[in-house]
Every structure is written in structure tokens, then in C-alpha cells.
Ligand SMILES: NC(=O)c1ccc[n+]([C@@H]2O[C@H](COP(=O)([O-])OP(=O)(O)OC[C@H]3O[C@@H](n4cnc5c(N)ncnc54)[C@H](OP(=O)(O)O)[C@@H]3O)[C@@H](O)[C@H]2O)c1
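Presented below, as C-alpha cells, is a lone chain in the form predicted alone.
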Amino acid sequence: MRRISLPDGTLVPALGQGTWMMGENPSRREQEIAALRAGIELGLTLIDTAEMYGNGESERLVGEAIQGRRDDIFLVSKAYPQNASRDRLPRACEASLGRLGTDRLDLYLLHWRGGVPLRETVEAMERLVEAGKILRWGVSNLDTEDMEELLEAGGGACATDQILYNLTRRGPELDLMPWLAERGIPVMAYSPVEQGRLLAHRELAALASRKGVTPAQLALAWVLRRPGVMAIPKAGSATHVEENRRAADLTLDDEDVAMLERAFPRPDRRRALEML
């Protein structure tokens, strides 16, 4: 498994596991826990969740899945923007830790920007680091101007920006991703197969068929080929996890990349960062 270096030198798997919408349906709980555990065995030890997902049920599911394996996991969770204040962030973090059954997060993210000043959020995050509740912090869904403001607000320790990035969402390539790369801040790409919507694309399916892989593997491999980019697809079954893992070993040649980028052209001008 290729690894990505965070700004502090910590190495994390380029391919992790997302958990959006997991834990919401009790009938799928055992299958989803099995999927996360299968991913861990396959080296997908970066697991991302959030207090928002299922109103905390995703965190509870992850906590059960990693029981007895906590030290093997790079655990990420995210705070609502309204909880990113000096007073509320410690309480939100403690609640997430309780649901996850752990004493610390490896990475804690601001889920998206809200009304709390970034300087206050940075201060609150740094206090959590000092308290040992989190080992590092970062952001999600922040565009270039937001990131510039974050650094001006003392956010030089930001470990990542988690953003929507896939073949159909290439806008960040124009400004945000180069800006982050220049500063050694890696990207964490969520929805790398556009929540499955990419799978019906005719040209993607045709190229995948020629290569003997699935459309999802091809789309995921395209994201993973970029330096400094992690991907956190969600997989609700062990079979799906195994399919994702094989994408990490898929090599795309120049012709493959050219065909994909013709089928999914990059925007010709800057656009605001998209979110799901």
C-alpha cells in the first residue's frame, strides 16, 4: 500500500475507508462492521467518520469495528462547524471519543466552514492537541481563499484538507490542489467514485472492460495516481472493500490517463469548491 506523508512526517495509507451513511440501518450493521474489519486486514487502516454521520451512529459503528485494534488504526473524525468554537469543540470532541470508545483521535477535522472565526477554531484545535485528545487537526471543504485565511489565522499545523474530488469534480486541480501541494498539505478525497454515479458512465465502463477491471476500480485508481492524495471510499460489504483494495495496485499508463481526461475534461476556468 502506497503511503502519504502528513506535514509532521506521519505516514498514512493512500487508500482508506469512508463511513458516510454507515451505521444508519440496523439491518446492515453486522455487514458494515465486517466490511471495516476486512479493510483493516487489507491495510486500509485510515478510517474516516464524523459526528454528523447518522447523528453519531457511524462513530459508534466504527468504535465497535476497531475494538481491540485501536493502535493499528489512523482514526479521523470531524466536527460540525457550529461546534468549532473555543467552548463547544472540547465537548464535541469528548462526545466523539465516547462514541468511538477511544481516548484520542489521530486527526480531527472541521467538517466545513461556518460562522465561528477560523482563528478561534485553530486555537480550540491546538488546545485539544495540548490536552492529548487529538494528535493533529485539519479541515474539510475549505477552498483556496479559506485556506489562505486559515494560515493567516495561525493554522500552519493544518494536516490535510478533505475535499470532494473525482473524475467529475476536477475543479480543485486549477488552484486549490496546487496551493496545497506547494505547502506540503495532502488532499483527502471523499466520494472518489461520486457515490457510485460514475459507474454508469459509458466511456469509463468501456475502458475498464478493456483493462479487465471495474469502473469503480478505474475511477479510484485515477484519484490515487496523484501524489499527495488520499482517497476514502465507502464500502458497505467485504466484497466491495476487496474491490477497492485492488484499485490501489492498478497502474494507469499515459494512454489510460489521456482517455479518462478526455472523457472527463477539467474545467477551463476556476470554480468554487464543490461539496456533497
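What you see is a predicted model; the values in this text were computed from it and never measured. The first residue of the sequence shown is number 1, and the count goes up from there.
Just so you know, the form predicted together with this ligand exists too; it's not on screen, but the next bit is about it.
Not one of 36, 77 and 137 comes within 4.5 Å of this ligand in the predicted complex, counting any heavy atom. This chain lacks the partner; the member of 111, 201, 99, 169 within 4.5 angstroms of this ligand in the predicted complex by a non-hydrogen atom is 111.
In terms of contact with this ligand in the predicted complex, the residue from 194, 72, 149, 175 that brings a heavy atom within 4.5 Å is 194. Although the partner is absent here, residue 264 sits far enough away that none of its heavy atoms falls within 4.5 Å of this ligand in the predicted complex. This ligand is not shown here, but in the predicted complex it comes within 4.5 Å of a heavy atom of residue 276. In the predicted complex, no heavy atom of residue 59 sits within 4.5 Å of this ligand. Contact check for residue 42: every heavy atom lies farther than 4.5 Å from this ligand in the predicted complex. Residues within 4.5 angstroms of this ligand in the predicted complex, judged by any non-hydrogen atom, belong to 240 to 248 and to none of the other stretches in 240 to 248, 60 to 68, 204 to 212, 222 to 230. Residues of 1 to 24 that come within 4.5 Å of this ligand in the predicted complex, judged by any heavy atom, are 18, 19, 20 in sequence order.
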